[in-house]
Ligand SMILES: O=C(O)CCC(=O)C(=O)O
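Take a look at this single chain in structure tokens; it is the form predicted alone.
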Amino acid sequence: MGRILTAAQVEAYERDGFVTPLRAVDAAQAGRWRADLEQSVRAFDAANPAVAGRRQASSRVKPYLLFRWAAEMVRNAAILDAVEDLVGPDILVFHTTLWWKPAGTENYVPWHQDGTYFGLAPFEHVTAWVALSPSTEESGCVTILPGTHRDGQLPHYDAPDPKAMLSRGQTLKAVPDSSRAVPIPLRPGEFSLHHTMVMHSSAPNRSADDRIGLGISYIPARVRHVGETRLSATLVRGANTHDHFDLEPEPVSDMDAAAVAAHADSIARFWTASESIPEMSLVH
């Protein structure tokens, strides 16, 4: 018996590549996080308008370095207890993405594996997908192909599409048989855990509410980045036993000067590394 997960749930994760649903917080706390998210993200975006053709700081990428609500989410004890049951006690946050899919839009996520361009080894990264609004089949919840994490790293290609919610449009080259796909619905405050190599996607949001969730990439301290760029990560439990990453600071308040600087530095390194890392089939 683990901290949160039962032996059966750990077995299911190892067999299927995911476990769901689990609860991080109650619906009321999820609602408070959502309200803080909407206010802070809009403030950051207004202060940092997008410039066409330019890489720049994004409120959707590593928001835990910018905002208190996200810093609290990545350190949530229930999530960390479940992750610890899978990877051990020394845990870092490597990456985090805010998945905000507006109501009635065509935005989607193509079939992919999370770890394709992260450049991490070994493949022990776990993604916690935390729902802050109802994540249903109608709203385009995450859909997973069970057991596909055992296939290892598969070839992807870049398929840029303004409707695709991945930075490079990274898509599996071979179209998977989706007849075995399993939708992962979540209520506000619930989360799922999935393996970095499991195939997954999500469809457009056909509901009347925005679909909002945070995808948190947790790694055990023994995992390293294989590229030349030294990246940063946040220690959220245990010790930084291997010193593979520079440690990131926790924001004191939303968008304070130190937080903005740390965020800009971290994602600049991440973009540099991700643009130079080939598909991981070339390194594993």
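On a predicted model such as this, the values are computed, not experimentally measured, just so you know. In this text, residue numbers run from 1 along the sequence as written.
Note that the form predicted together with the ligand isn't included here; everything after this is about it.
Of the candidate stretches 181-189, 68-76, 104-112, 148-156, only 104-112 has residues whose heavy atoms lie within 4.5 Å of the ligand in the model of the complex. Proximity to the ligand in the model of the complex, taken as a non-hydrogen atom within 4.5 angstroms, holds for one residue of L120, V126, V93, V142, which is V142. Contact check for Q170: no non-hydrogen atom falls within 4.5 Å of the ligand in the model of the complex. Although the partner is absent here, N205 sits far enough away that none of its heavy atoms falls within 4.5 Å of the ligand in the model of the complex. Within 4.5 Å of the ligand in the model of the complex, a heavy atom is found for every one of W99, H194 and H200.
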